[in-house]
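Given next, in structure tokens, is a single chain: the form predicted alone.
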Amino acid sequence: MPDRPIPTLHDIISARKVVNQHLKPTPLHFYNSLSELLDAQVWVKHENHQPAGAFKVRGGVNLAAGLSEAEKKRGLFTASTGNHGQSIAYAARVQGIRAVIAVPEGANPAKVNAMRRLGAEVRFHGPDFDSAREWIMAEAQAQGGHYVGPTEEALICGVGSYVLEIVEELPDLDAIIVPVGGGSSASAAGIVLKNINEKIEVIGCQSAQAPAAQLSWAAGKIVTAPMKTFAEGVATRVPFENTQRIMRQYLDDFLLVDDREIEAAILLYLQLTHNLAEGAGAIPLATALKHKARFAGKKIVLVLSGGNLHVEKLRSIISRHRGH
């Protein structure tokens, strides 16, 4: 099977024109509090301010806008732990087409309800994302639907619009830290930033309790690994070859942090910026804290990729970290 083409900077610039028809740019804020804590100049890209609460909606609207009328009639089928599903549900509503989304048993109730409010049909299947993905692929084929994988090139290009917003506002950044689940966001960051200024460091990060993507990147081949993280946005057991190939070309490093460090970062975001970060969204801050010396004195951007954290999970995190 031939390699899928890697999107170009031009592809991402073109996609932004589509994204901007439906979504406004998100804030890029400088925080004194985080800068003092990390001994660096710290900026946060607030993709948690998207209407669907996460960055992935950019990719969804770009993909749906590029479908043929025949594809739109077939409907969109996908699997998700939440944010990708909300992206496809939002985009399907904009285009007036059917969306069927498979989620794992025990999926984040807030994300499931959000998908349903956007008009999607939600189906529960299996213990994790990869089980749901395998099932919905078969369903799409049986029903003649259009299956949307979470790392399709149209999604990567749409997601890349947030990176263009960053580099236009902050062209002299030294490093960006991006959470990795499927890898669309880190891939887009690499394509944009390395083609504009190869000296900008692009750092991927993931939970040590779901390290498959990091292990695959380091090994140069697909490696599966156990998935035990609470951070559903990075809860990948089986990585994706197309984004792995892009990340191997463009990432400077790929770091792991423990779930307890991610939880602490969620609380720091609440305390210091008054923003709610979901698990995946807090991983860049946890990474910067863990590797403080590496980023000292630099101008860094943390991608707060989403804010869709269920209130019960937040309560349990606060309870666990009380007194720390």
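Everything numeric in this text was worked out from a predicted model, so none of it was measured. Counting begins at 1, following the sequence as shown.
A second form of this protein, the form predicted together with another copy of the chain, is not displayed here; the remarks below concern that form.
Out of the listed residues 19, 303, 300, 309, 309 is the one that sits within 4.5 Å of another copy of the chain in the predicted bound form by at least one heavy atom. Among the residues 169, 105, 134, 198, the one placing a heavy atom within 4.5 Å of another copy of the chain in the predicted bound form is 169. Residues 49, 93 and 314 are all found to lie within 4.5 Å of another copy of the chain in the predicted bound form, as judged by heavy atom distances. Between 252-260, 291-299, 265-273, 58-66, the stretch whose residues reach within 4.5 angstroms of another copy of the chain in the predicted bound form through a non-hydrogen atom is 265-273.
The closest non-hydrogen atom of residue 39 lies beyond 4.5 Å of another copy of the chain in the predicted bound form.
Another copy of the chain in the predicted bound form is approached by residue 24, whose closest heavy atom lies within 4.5 angstroms of it.
The closest heavy atom approach of residue 140 to another copy of the chain in the predicted bound form falls outside 4.5 Å. Of the heavy atoms in residue 212, none are within 4.5 Å of another copy of the chain in the predicted bound form.
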